[in-house]
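Okay, so here's just one chain, in structure tokens, the form predicted on its own.
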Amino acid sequence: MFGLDKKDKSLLAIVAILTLLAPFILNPFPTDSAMAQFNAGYPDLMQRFVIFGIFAVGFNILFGLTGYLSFGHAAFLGVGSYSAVWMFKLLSYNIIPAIILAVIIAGLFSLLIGFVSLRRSGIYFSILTLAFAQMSFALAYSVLSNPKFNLTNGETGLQVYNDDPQILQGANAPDLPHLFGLSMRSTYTMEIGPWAFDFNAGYYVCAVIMMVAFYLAIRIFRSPFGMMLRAVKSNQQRMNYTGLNTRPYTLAAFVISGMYAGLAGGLMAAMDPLAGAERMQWTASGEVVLMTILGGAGTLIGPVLGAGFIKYFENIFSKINDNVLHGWFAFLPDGLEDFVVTIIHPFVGKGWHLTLGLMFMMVVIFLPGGLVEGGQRLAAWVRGKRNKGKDKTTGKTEPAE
């Protein structure tokens, strides 16, 4: 089925179930409870989960398979966003042409940058991609915002105005990004007792696209092309000695990865029709590196898990302030309550980066394979416990090795 083996079909099914049931899975606590602070099932955050999952899956095709560490992938994310918004301004708010243009422009841009950057490897490649990304940020922020040919609108950001052409925008079409009339902000809320679950059209559009992108990533990983990229990561110098030119393969991986980033940027603009230069900053490039390493570089589902983990921390833990903490620990005596809040305060709210940094350090030190390795170890431990339980029940002993 779809050219996948049993293991990959199971993995694809798991990802599909998690994405389709996300409104239920991410809202485990009643809306009126104190723990509702940790619910993440609202449309904006769920959209970010899948969009940055696409971004990280694409980055993993380059970094996880070839070992080439790019610090400039945010440039393709920003280019995709700008391209999508320009399509909204010129044609219509329909997201399909916008996403297609975002992927094409990001692919062409990554072809140009990759052709130059891939002349070097290792740290030199990383610095080159970082330099290109910073130049792109500077162009978007200042040079391309010149009133004579305003392509990016500078620090204000590119957005759609009433006097834009929008030559294909129908009279009855929504005045917001839509999919053939279905508004991306259309949301149905299901209330079951004290729980509320939001089903957003924009999220499910992004989720379906992520499933297609994830499926394509599986095919790339299992293809002869993917095996060639693994060989490049293993020992590129030895491959060159055999007379095999590896640059076309690494360039193809770079372009594919850039197109994934452009797709993510186009979807970001489709959910919120605004594109700004901040999406091209080096911090955005570093964020996708963290997502991939945290989840498990070179694995299929790892980048998706890493993207969800970081975006959860960014949006949930950053909202925990002193008032929330005092509400949680109000049952303690006043002096003890203030002491506990003082201890926790640096790790939440504006200090959520500190908590994320500590957790990232622990993962790198104890789980070099990321969250995927942690899941594998946990599954092996559970299987070991289960097997020991069976042996005790049957009275059989395991043979000596």
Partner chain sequence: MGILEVKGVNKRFGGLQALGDVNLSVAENTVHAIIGPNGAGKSTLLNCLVGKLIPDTGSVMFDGQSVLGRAPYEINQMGISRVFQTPEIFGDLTVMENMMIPCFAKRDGAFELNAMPSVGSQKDIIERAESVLEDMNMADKRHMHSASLSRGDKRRLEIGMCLSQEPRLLLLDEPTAGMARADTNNTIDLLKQIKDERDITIAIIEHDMHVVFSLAERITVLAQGTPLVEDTPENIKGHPKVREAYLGESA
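No experiment lies behind these values; they were computed from the predicted model shown. Residue numbers count along the first chain shown, from 1.
Just so you know, the form predicted together with its partner chain exists too; it's not on screen, but the next bit is about it.
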Options 96-104, 298-306, 223-231, 70-78; stretch whose heavy atom lies within 4.5 Å of its partner chain in the predicted bound form = 223-231
Among the candidates Ala173, Ala252, Leu108, Val208, the residue which, in the predicted bound form, approaches its partner chain to within 4.5 Å (heavy atoms) | Ala252
Scan Arg219, Lys89, His326, Arg185 and let me know which has any heavy atom within 4.5 Å of its partner chain in the predicted bound form.
-> Arg219
Can any non-hydrogen atom of Pro165 be found within 4.5 angstroms of its partner chain in the predicted bound form?
-> no
Answer for Gly181 alone: is it within 4.5 Å of its partner chain in the predicted bound form, judged on heavy atom distances?
-> no
Contact flag, Asn240 vs its partner chain in the predicted bound form, heavy atom cut 4.5 Å | yes
Its partner chain contact in the predicted bound form: Asn235, any heavy atom under 4.5 Å = yes
Sequence-ordered list of residues in 244-267 near its partner chain in the predicted bound form, where near means a heavy atom within 4.5 Å | Leu244, Asn245, Pro248, Tyr249, Ala252
